[in-house]
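Below you will find one chain, with nothing else, as structure tokens; this is the form predicted alone, and questions on how it binds or moves follow later.
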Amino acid sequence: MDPNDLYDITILGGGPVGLFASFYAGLRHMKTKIIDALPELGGQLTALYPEKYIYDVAGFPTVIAKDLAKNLIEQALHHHPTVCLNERIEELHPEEFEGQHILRLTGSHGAIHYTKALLLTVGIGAFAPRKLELENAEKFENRFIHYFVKDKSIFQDKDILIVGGGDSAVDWALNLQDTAKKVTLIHRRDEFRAHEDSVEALMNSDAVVKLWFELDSIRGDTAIESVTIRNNKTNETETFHADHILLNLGFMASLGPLKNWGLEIEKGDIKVTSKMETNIECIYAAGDIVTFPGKLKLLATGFGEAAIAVNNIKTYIDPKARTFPGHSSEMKSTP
């Protein structure tokens, strides 16, 4: 192995947590590589909801996901990490190099990566939306039935039906107020799985909210003409016009090859210590993929976990280094 091929830290996952970890690794003067299976950096911010507003990131009263991703990418690339996109890591093998424990990673296209430490920031893992199991639904997908929104301008002056009761459904019902002609949200329960503040804003908005309702049928040939919804308590049905349907039914996530690496996993999440260490030497993890007592799956906490992981990786690969590097305002790093 050429010593030039060996990195201090390899970050598996180019979403917001991985991007911030890359920036912080640069602050600690670590040779850094980012690997992501998607064709672009940004993770869910760019792949799932680039037009969605985000309210709970410190310093941003309101920020659109794609704008937050753009800033995170700019910040992450400040120290010039190596970036490998469209690549999935299939295998992991420990090796010894000059008396040091390192990892050899094999990519989906046969590429080999060497690293002193691995940081897993893969979010919820490989994800796919839960599909609507309804007659006629498949033929409208990606044209009039949507699981992701890349460009909300397609909803301009249209009647939109939103299905779901989580943060994404509620956020889109609010976000599309200034775009759609009419927004109707149906939820099969009377309790939302969303931030209380967002739910309050929804109930005071112009959106039509119907609780205990589920989507029963879709009518139309080349485009959606009408939808019928059914009250799951009374079996009452209503039929009305809709141009587009936005489904927020959750995602099916998979750890993929990671589940075969010997990591300690609990309910689909990777267990870590307070230092973000996994049970395998030199492998750390941060963000939505991890679990520990008191864990909260938020961007805000994920950024903090990234910093904790990177600083502890620094001392792992260089025992003479300090875990706490000092405040960034005191560091010699050009803005």
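Position 1 is the first residue in the sequence shown; the rest follow in order. None of the values given here were measured: they were computed from a predicted structure. Here, rigid core means the biggest group of C-alpha atoms that superpose within 1.5 Å across both forms.
Not on display, but discussed next: the form predicted together with a small molecule.
Checked against the small molecule in the model of the complex, the candidates 70, 271, 31, 297 yield a single residue with a heavy atom inside 4.5 Å, and that residue is 297. 88 is the sole member of 78, 104, 195, 88 with a non-hydrogen atom within 4.5 Å of the small molecule in the model of the complex. Residues placing heavy atoms within 4.5 Å of the small molecule in the model of the complex fall in a single listed stretch, namely 54-62, out of 277-285, 54-62, 262-270, 23-31.
Mapping the unseen interface onto this chain, residue 121 counts among the residues with a heavy atom inside 4.5 Å of the small molecule in the model of the complex. When contacts are judged by a 4.5 Å heavy atom cut-off, residue 125 counts as touching the small molecule in the model of the complex. Heavy atoms of residue 313 never reach within 4.5 Å of the small molecule in the model of the complex, leaving it off the interface.
Using a 4.5 Å cutoff between non-hydrogen atoms, residue 12 counts as a contact of the small molecule in the model of the complex.
Relative to the superposed rigid core, the position of the CA of residue 73 differs between the shown form and the other one by less than 2 Å. After superposition on the rigid core, displacement of the C-alpha of residue 169 between the shown form and the other one amounts to 2 Å or more.
After superposing the rigid core, the C-alpha of residue 85 moves by less than 2 Å between the shown form and the other one.
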